[in-house]
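Okay, here we've got a single chain as structure tokens, the form predicted alone, with questions on binding and movement later.
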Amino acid sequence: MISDICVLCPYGLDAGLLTKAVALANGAPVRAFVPKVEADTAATFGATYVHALTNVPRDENSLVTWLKEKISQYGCRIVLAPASIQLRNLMPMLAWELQSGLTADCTDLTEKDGSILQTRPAFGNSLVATIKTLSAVQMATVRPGTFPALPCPCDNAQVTEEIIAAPDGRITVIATETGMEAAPLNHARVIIAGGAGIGSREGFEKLEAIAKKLGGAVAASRNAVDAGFAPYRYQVGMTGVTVAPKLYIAVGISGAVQHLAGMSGSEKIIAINTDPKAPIFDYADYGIVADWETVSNKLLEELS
């Protein structure tokens, strides 16, 4: 059994990761740091101690200092966090402060003799490495969407409101922009993803229209993001997020191993590509060899 597990989700709860932490703890308490608005949700997914954050500082140095003090205060031996864009930057800083080992972008966590074995792909996803951290505090980030979120209510959860008395430091917010996706990728049950074959930003707007009608989210391959057709937050794959929706529609995606690593857990995969030999068809449940725009127009017509 693993005890003293801490799950850090200061920017938004990863319910799947919390579910996994509760399973690893096997009855031992689990501590979660989440935004105040998600405190009740954290208890629903099994957190014993919920730290409800009311004012997360924009400056990562201030947040790292505060988290280090809390982790040391409560004697947390295992610290887990989702490998989101923000936490991929913050967790190495926290590991340095705690003088702890950190395994990034894990795809699985298992327990052995009171420690965690951390699994992650290596060498372009051709090998899988299993890592055990030898430091007093073991730290790992896990790709969002790796573990299913399964409610396991903690009836006696203790919720503590935390006010972080820390300045925003040198960070100044100039402007904010609302994303266009209808649902976050990590929680979407339906995802329509575009590749370089979409050919333009306007093409992705068509995918966004389809996603909206399906109640899903839009994703993209790395090639599409690198080409400027979609923002990085849409990227699925080894260098993006990992997803496991009920339905994944791959449009104009060839099926490189880097992309497959992020969506192979989907329950049903539909591939649309003009190349009948595209690798994506080897992983798809249904394949359509056709021009993506013709199929998309027909789909929009049917959904309307």
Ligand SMILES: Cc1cc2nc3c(=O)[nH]c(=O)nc-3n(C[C@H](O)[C@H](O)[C@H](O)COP(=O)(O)OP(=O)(O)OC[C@H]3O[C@@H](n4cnc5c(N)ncnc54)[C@H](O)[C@@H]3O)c2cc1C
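Rigid core (definition): largest C-alpha set, two forms, superposition within 1.5 Å. Quick caveat, the model's predicted, so the values are computed rather than measured. A residue's number is simply how far along the shown sequence it sits, counting from 1.
Unshown form predicted together with the named molecule; subsequent notes refer to it.
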{"property": "Contact assignment for the named molecule in the model of the complex, among Asn55, Thr41, Thr239, Asn61, heavy atom within 4.5 Å", "result": "Thr239"}
{"property": "Heavy atom distance at most 4.5 Å to the named molecule in the model of the complex, all of Ser84, Gln118 and Thr130", "result": "no"}
{"property": "Interface stretch in the model of the complex with the named molecule - options 41-49, 62-70, 24-32, 252-260, non-hydrogen atom within 4.5 Å", "result": "252-260"}
{"property": "Partner contact for Gly145 in the model of the complex: the named molecule, 4.5 angstroms, heavy atom", "result": "no"}
{"property": "Contact flag, Asn223 vs the named molecule in the model of the complex, heavy atom cut 4.5 Å", "result": "yes"}
{"property": "Contact flag, Gly197 vs the named molecule in the model of the complex, heavy atom cut 4.5 Å", "result": "yes"}
{"property": "Close approach of Ser264 to the named molecule in the model of the complex, 4.5 Å, heavy atom", "result": "no"}
{"property": "Residues within 4.5 Å of the named molecule in the model of the complex, restricted to 263-277 and counted by heavy atom", "result": "Ile272, Asn273, Thr274, Asp275"}
{"property": "Gly46: Cα shift of 2 Å or greater between this form and the one not shown (core-aligned)", "result": "no"}
{"property": "Rigid core fit then Ala32 CA moved by 2 Å or more between this form and the one not shown", "result": "no"}
{"property": "Flag for Gln73, CA shift 2 Å or larger between this form and the one not shown after aligning core", "result": "no"}
{"property": "Closer or farther in the model of the complex, the Cα atoms of Gln86 and Ala250, when the shift from this form is 3 Å or more", "result": "farther"}
{"property": "Direction of C-alpha distance change in the model of the complex, Leu260 to Leu109 (at least 3 Å)", "result": "closer"}
